[in-house]
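Each of the two blocks below gives one form of the same protein chain as structure tokens; they are labelled structure 1 and structure 2.
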Structure 1
Amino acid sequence: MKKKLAAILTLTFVVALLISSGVVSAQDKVTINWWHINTNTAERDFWDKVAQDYMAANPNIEIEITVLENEAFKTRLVTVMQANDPPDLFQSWGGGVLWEFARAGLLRNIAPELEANNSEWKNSFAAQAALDLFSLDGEYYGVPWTWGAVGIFYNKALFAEAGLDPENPPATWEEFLAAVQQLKDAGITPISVGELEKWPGHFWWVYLAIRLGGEEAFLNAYNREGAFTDEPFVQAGEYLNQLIELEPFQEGHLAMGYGDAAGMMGRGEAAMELMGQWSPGTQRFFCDCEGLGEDLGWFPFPDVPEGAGDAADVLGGGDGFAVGKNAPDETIDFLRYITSVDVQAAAADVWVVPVVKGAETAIADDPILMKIIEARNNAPYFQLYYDQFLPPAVGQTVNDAVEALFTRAASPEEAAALIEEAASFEMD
């Protein structure tokens, strides 16, 4: 008996020695591979701190972060998905691209965790429409962490310089075109756009399709009861041509990336930018300056009174994180931490439009973000960006077709036909 006890004590001592020396760990380390696209210094630093705080509270977790620029992220994600090796946690906008990954069996269903404890986590989200974009056939593959509306950011000082009322921005498409011309006449670049990456330009065409056709036109085309060659989509190109013919964009916009275009806004070199809720922070980052401060304003995309859409309909979206098929259980706990009220409120101080109930109080003193939340919450019809909602090949064709309008390489009818051809192949 004494020999047995001595052996046990010796083994215990050896194990303790190995633990203290780092040869073995008291609890096996779990690694979470996390990809995000927040290259902006303040945003990147924020996520680094979130990961460090979580690891400090969970010593057995190691979070390995990969930060990629938006376009590089999309390219590399496709590569690892094709190799059947998804990251554990990765940036996602939900919608058609995510659903394609889900159908291919590349994602993990987190519905059991999301709906545990009487759906406590699931019910914490303020924007159910945003959460639904991470769901397919009753399963959930991720969650949103910021959600907002695309709208027009504008420089109040430049508006005043051109003789426009900075407190009453244009409300209709006709008024908007008139304001563009007035800015041009004053020697001011009316609009900054980084069309090299295509997705910024697609906002213009999609918003016009929303104003002209409303939800019904899109659902008819999406459900294949109609087509993307239906009148509202052709008209969207015609209305966009009205703007393009005014030559409102900065010189070289077709070869300029989004970051450089945002920097122009931040430096006061253009009067307007059609962009999502992240724009103020991006403007400051790329202009390497303080930005416009109180001179920065925001207004909804102009109404088209003759269209079938509601003036309050919104194009928008945001960012979320999806879970890869091989992700360890700890990934889900970390994702829940990311979308906690405390982390959301802290993120709102940097750049986030919160999507979790209770966190919106953190931006109560930001008039622009409050306008964006109001637009998001009150939209009769909220449409995710076409290049994310539609199947990947169709979304890319939308971007390509709109670029063809910007370069005058296609007519409105031809652009709509290109999109319909892709939809017929992928969606019929």
Structure 2
Amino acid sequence: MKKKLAAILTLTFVVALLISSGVVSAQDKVTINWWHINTNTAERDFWDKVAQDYMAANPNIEIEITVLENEAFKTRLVTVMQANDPPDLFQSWGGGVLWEFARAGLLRNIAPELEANNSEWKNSFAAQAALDLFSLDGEYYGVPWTWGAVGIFYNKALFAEAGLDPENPPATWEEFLAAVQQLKDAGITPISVGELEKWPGHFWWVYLAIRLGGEEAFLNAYNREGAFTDEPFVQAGEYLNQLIELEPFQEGHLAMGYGDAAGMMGRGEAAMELMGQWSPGTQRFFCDCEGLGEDLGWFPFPDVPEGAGDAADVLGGGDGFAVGKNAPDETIDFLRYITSVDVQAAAADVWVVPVVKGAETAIADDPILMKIIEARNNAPYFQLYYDQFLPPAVGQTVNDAVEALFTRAASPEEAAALIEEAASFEMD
């Protein structure tokens, strides 16, 4: 009887020991929670492979990936931020939204790692302006991994059909308006835009504001020494109205989302689209076809010679990953792996416009991406999308105000006043 009891006790003890040792070894394993929004199969698979490669090389690390659709991600991120529990590594576009999180103390400063060894990691970035969007007051909270410029994608075949020189796209706003008219006269839809989602339209107004006011006007308004009712911002509306007057957009553009609009470009139903670097892939995805291939061209947003901005100033943006405040140290090492030349070059084969020096060779055979990288790297003034750079409430108001211009529900002055009203409330 006693023996039996002893045996049971011993067994219990051994089992308990086994369980507890199991717990210990599980605790030794570091878990990194990683949220990204690349739902597209090829892109998702690529990140899966990156995580697996890294885990294979670092067996003590467990990377848990959560893939979310863009809008779902934004909603869920705000929820976990409010719960004071950010993911370790997550999608970010830098700028105002990220700074909002940083000010609330929800992010981890990775400046020590970035600046270690004579800023070795920091200097590896070709797109320094992009990296700066992830920093606030000398601290860094994340890094970009793909970065590009917004420009005009155009269909060379349709240009030729309308009697325009496909190799010599319009360089100034005046030439551009003339080209739009010529396309329209030839019975071609000049521009496709998915204004239902608002941000595709906001590119037009913001680019005009950049050309007309340059960096100075924007910084003045942003630092609240000036205002969004200043001359260039009203003029941007007036110039945009010149375009809207020509009715260059596809029929029903106010009720069509970006996907619809991209599909039209891909099928050759519209001649131009003002869009970011991801456009060719999206066009192919939504037209459910091969896309335009060789017929697709790219040119920078036309110059406005009378404006204060430089013709080489660029509006753009991309994707980065930011680091949450509770992230283990290993997260930063993994982030560094993501932005290593090898991973960047491999990613460039799939969809990424690389941000580190030496990785761009992977896309040397793609003339459009090379042009975009050149525009991005050489811009005297690089402006992130307003709806990401400005505080969220102001950015959203810019989108609404531009929509008002598109629907002709407001005058350029009223649109500018709408933005200024939000800005004075949020930023003064």
Partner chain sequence: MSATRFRVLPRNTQPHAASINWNQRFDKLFTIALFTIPGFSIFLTFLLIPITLTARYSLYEWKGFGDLTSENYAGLGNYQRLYEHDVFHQAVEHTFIIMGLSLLIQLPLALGLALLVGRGELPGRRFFRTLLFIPYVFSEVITALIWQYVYHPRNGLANYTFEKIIPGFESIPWLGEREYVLYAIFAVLTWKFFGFHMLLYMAGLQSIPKDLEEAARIDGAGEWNVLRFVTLPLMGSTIRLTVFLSILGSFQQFVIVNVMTNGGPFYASEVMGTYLYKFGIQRFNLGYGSAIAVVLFFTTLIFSILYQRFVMRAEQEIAR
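If you're wondering where the values come from, they're calculated on a predicted model, not measured in any experiment. Heads up, when I say rigid core I mean the largest set of C-alphas that superpose within 1.5 Å between the two forms. Along the sequence of structure 1, residues get numbers from 1 upward.
As for origin, structure 1 is the form predicted alone and structure 2 is not. Shown are candidates Leu246, Tyr222, Asp365, Pro59; the hinge separating the rigid parts that shift between structures 1 and 2 corresponds to Asp365.
Superposition of the larger rigid part on its C-alpha atoms leaves the smaller part rotated by 11 degrees between structures 1 and 2.
Look at Glu64: with the core superposed, its C-alpha moves 4.0 Å between structures 1 and 2.
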